[in-house]
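Here's a solo chain for you in structure tokens, the form predicted on its own.
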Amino acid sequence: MFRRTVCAAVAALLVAVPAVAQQYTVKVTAIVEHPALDAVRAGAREALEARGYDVGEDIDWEFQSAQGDVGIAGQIARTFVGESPDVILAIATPSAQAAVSAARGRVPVIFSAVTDPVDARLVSSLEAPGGNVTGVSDMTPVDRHIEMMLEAMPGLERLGVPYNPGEANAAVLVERIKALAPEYGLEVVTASAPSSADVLAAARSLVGKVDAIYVTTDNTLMSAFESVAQVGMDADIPVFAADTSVVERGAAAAAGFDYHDIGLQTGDIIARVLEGEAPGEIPVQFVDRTLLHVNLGAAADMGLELPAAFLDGADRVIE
């Protein structure tokens, strides 16, 4: 009788105890920390919370930066894969390539802020990625950026583009600029900056050769953007950019995406994967909306007086 009573009590207790909420693990890595990539990370986290996940409670969220070093990106990726998380969020092309290479299909990889996922060999198709990978691309509308620069500076003929040739996303964008430049009557002069430490020298090498400098979403350039802006101010060379977050850091003007929006889209994809969808069946997503931000003080310091019509079209003007 006693044994039967105890068994009944234990059974009642098991019924009374609520089911433990399922815990997920999301490992996050970025090639480097700068405002745009940080905004992606924040946006992804916000999207998960908006869908009802308590990050820190329902989701074990860990972030590691590769500090601009591709070798470190590989080490982080291998460590993350070894811990078998539910999802790896890889921000920017070098980290995404490292994560996909390390995962080999064993762990879902969601990339974000990757310019050309096919060229970077992350997926074979944008519409049907296949495997265990998908994400959000920040493919830059280079033609719109060239038009933006010509509207701001109608006399522009020689455009300087410093970039890191080792970054696949940067190399793709430079090739696009070179291909489009003749249509707009532009000559493109490039300068190599293989690391953040080389950015200042690359920008200085363009002085006397170009009328303006254009910085793409190249992460190496973004991480040391102040060096480029300072060269522009010292030499009266307007500096334009493809990332609005650097306007506060000294660009004369920039047309680009809101990287927080990219993060929100990325977070939605992560939630879909946590809820059972196969990454390879989720098409790669893009962002259409671009914003124009202007820094009047920086433009003046670079010897550029922006046309009134150009300013009228700006979404944000920093006085």
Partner chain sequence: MSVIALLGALEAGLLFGLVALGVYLSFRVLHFPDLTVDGSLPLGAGVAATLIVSGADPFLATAVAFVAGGLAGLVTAWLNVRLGILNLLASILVMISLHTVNLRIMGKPNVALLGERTVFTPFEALLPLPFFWVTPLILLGLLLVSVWLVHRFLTSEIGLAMRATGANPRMARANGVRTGAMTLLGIALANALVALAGALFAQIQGAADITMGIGTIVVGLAAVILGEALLSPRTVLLAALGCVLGSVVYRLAVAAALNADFLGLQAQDLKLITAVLVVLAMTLPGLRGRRALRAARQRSGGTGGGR
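Residue numbers count along the first chain shown, from 1. None of the values given here were measured: they were computed from a predicted structure.
The next section is about a form of this same protein that is not shown, the form predicted together with its partner chain.
J.: In the predicted complex, which of the listed residues (144, 178, 104, 158) lies with a heavy atom within 4.5 Å of its partner chain?
T.: Looking at the other structure, the residue within range turns out to be 104.
J.: Can you pick out, from 97, 137, 227, 244, the residue that has a heavy atom within 4.5 Å of its partner chain in the predicted complex?
T.: Contact residue from the list: 97.
J.: Has each of 124, 132 and 264 got a heavy atom lying within 4.5 angstroms of its partner chain in the predicted complex?
T.: No: none of 124, 132 and 264 comes within 4.5 Å of its partner chain in the predicted complex.
J.: Does its partner chain come within 4.5 Å of any heavy atom of residue 248 in the predicted complex?
T.: Because no heavy atom of residue 248 falls inside 4.5 Å of its partner chain in the predicted complex, the answer is no.
J.: Wondering, does residue 38 line up within 4.5 Å of its partner chain in the predicted complex on heavy atoms?
T.: Residue-level check for residue 38: no, no contact with its partner chain.
J.: Does residue 76 reach its partner chain in the predicted complex, with heavy atoms at most 4.5 Å apart?
T.: Residue 76: yes, in contact with its partner chain in the predicted complex.
J.: In the predicted complex, is there a heavy atom of its partner chain that lies within 4.5 Å of any heavy atom of residue 53, even though the partner is absent here?
T.: Answer no; every heavy atom of residue 53 is more than 4.5 Å from its partner chain in the predicted complex.
J.: Please name which of the stretches 219 to 227, 204 to 212, 234 to 242, 158 to 166 has residues with heavy atoms lying within 4.5 Å of its partner chain in the predicted complex.
T.: Result of the contact check: 158 to 166.
J.: Within 4.5 Å of its partner chain in the predicted complex, which residues of 227 to 245 have a heavy atom? Give them in sequence order, or say none.
T.: Heavy-atom contacts to its partner chain in the predicted complex: nothing from 227 to 245.
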